[in-house]
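Only one chain is given next, in structure tokens, and it is the form predicted on its own.
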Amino acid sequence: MDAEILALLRRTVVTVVPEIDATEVVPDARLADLGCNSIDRADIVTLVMEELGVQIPVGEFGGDHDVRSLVGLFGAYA
């Protein structure tokens, strides 16, 4: 499931911010470091939640998550 969520996250990041190469969306990367602003990050999270059919409390996204922790968070609710 984690590989599927990572692939979904990669696709979504590239959809929201086409300037980002999918190969840059690796487990240790942070969305902010890839060039995603706060609105981009909110859009990415919302789209991934919609695709997975889950609702995750906003408070879960506080802090500075890397891709690995986002995948784990989405996986915990999927």
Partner chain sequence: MTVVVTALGVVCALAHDAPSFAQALREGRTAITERHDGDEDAPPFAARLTGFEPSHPAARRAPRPIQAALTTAAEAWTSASLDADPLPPGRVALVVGGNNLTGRTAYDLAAKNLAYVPPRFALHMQDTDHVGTISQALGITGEGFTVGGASASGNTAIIAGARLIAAGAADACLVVGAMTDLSPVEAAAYRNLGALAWEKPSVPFDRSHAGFVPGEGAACLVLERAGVRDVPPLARLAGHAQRLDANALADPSADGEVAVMTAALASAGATPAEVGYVNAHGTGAPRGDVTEAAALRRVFGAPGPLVNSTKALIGHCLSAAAVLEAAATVIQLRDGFVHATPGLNDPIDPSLRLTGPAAHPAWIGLALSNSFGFGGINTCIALATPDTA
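Model, not experiment: these values are computed from the prediction. Positions refer to the first chain, counted from 1.
The following text describes the form predicted together with the partner chain, which does not appear among the structures shown.
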- Message: Val16, Glu19 and Asp40 - do all three of these have some heavy atom no more than 4.5 Å from the partner chain in the predicted bound form?
- Response: yes
- Item | Close approach of Met49 to the partner chain in the predicted bound form, 4.5 Å, heavy atom | yes
- Message: I'd like to know if Gly53 sits close to the partner chain in the predicted bound form, meaning any non-hydrogen atom pair within 4.5 angstroms.
- Response: yes
